[in-house]
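Next comes just one chain, in structure tokens: the form predicted alone.
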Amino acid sequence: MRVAMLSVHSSPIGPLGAEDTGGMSVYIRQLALQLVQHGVSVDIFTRKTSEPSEPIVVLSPTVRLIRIVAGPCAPMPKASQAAIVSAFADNVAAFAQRAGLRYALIHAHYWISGLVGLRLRSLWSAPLAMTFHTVGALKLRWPNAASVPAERLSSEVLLGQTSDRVFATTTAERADLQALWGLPAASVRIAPGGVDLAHFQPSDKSTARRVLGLPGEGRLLLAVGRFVPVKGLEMLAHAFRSAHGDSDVRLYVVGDDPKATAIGKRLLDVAQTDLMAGRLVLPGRVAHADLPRWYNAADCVVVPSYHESFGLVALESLACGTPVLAARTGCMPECITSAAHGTLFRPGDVSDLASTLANWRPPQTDQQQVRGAVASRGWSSAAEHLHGLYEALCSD
């Protein structure tokens, strides 16, 4: 089976933590690499954004990243990339024709890629699977949500109702998509993400803190994420101040440059107040290779997001044996099922979050027991499940 994966606006091999390179990029890259175990070859098509850059990057003997020229060879805002859908689709089709390739299936990620997928489906007579990752109509429900272009809203309705299969990453997303567009149960399947169980493993907490230059004593909370409104980091800062304003607990927030965003600058202002100085710490962006050490250094990881399409940070933390305090969104209700794994709170509820922070104490469990929450959620298991969905779609 040869699959064409479409990731127009975001390169799956871009630097993690950048504006358009996050959980979706990890999802695409890891699943593509693991599908080889099931005899699947994958070509990932993304937009060329710089000159010079190699048109084809070989990620494994059966996985290639193919950069397609569409629009300027420079970064483009996502909102403007719908204008290059036709050019992108035409150039993907031309590439396949020159190489003599036939694809059994098209798997599009995000709505812009979905519009490309619709055009390629008509050319190739191949089924189209659609993973949205985020949906505009659902984003509008979030607190402080930015406006969503009308073109995106209408395109997502079209894609939801005309794709051969819609893939959701969690049971909650599946229910949302069915209710939103009136989709029959058979048209929406769950294709969950996973976690790199080899990279994210438990290690000694004291050693991790020493290597990172963190205090060896005292409770340490950690949050990981970009400084964007949906991540709820400002809410977390206020809840933390309310819960631990008179204690020696520290909160580290990593994953982005605080001086580069408005939210980051406001967090810095909070961190510089007398009450929070030295206790709310913003170290900046952390390399993916260093994340396991940060997870292991923490007593717990807090995921305060108003919404998560999946929730990769929670899985990474649990894989390292570190409990998670998380908003009840994304995959969190599926993973955090006991006090050993952590605690859930209501999304967007600062009082509930503050209460959770104030009342939580490290459980008397070992790291392997916490890791058990995600022991069956490795990327190889996710790829095995996705392969079954691919086979079923191709046989319909």
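Sequential numbering from 1, following the sequence displayed. No experiment lies behind these values; they were computed from the predicted model shown.
Below, we turn to the form predicted in complex with a small molecule, even though it does not appear here.
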- Message: When the contact criterion is heavy atoms within 4.5 Å, does M24 count as touching the small molecule in the model of the complex?
- Response: yes
- Query: Applying a 4.5 Å heavy atom distance criterion, does K265 contact the small molecule in the model of the complex?
  - Reply: no
- Message: Please determine whether K231 contacts the small molecule in the model of the complex, using a 4.5 Å cut-off between heavy atoms.
- Response: yes
- Message: Can you tell me whether H244 touches the small molecule? I mean in the model of the complex, with a 4.5 angstroms heavy atom cut-off.
- Response: no
- Only one of Y295, F132, F240, F88 has a non-hydrogen atom within 4.5 angstroms of the small molecule in the model of the complex; which is it? Y295
- Task: Using heavy atoms only and a 4.5 Å cut-off, determine which of V286, L118, A208, A104 is in contact with the small molecule in the model of the complex.
- Result: V286
- Message: Heavy atoms within 4.5 Å of the small molecule in the model of the complex: which stretch in 183-191, 161-169, 309-317, 118-126 meets that?
- Response: 309-317
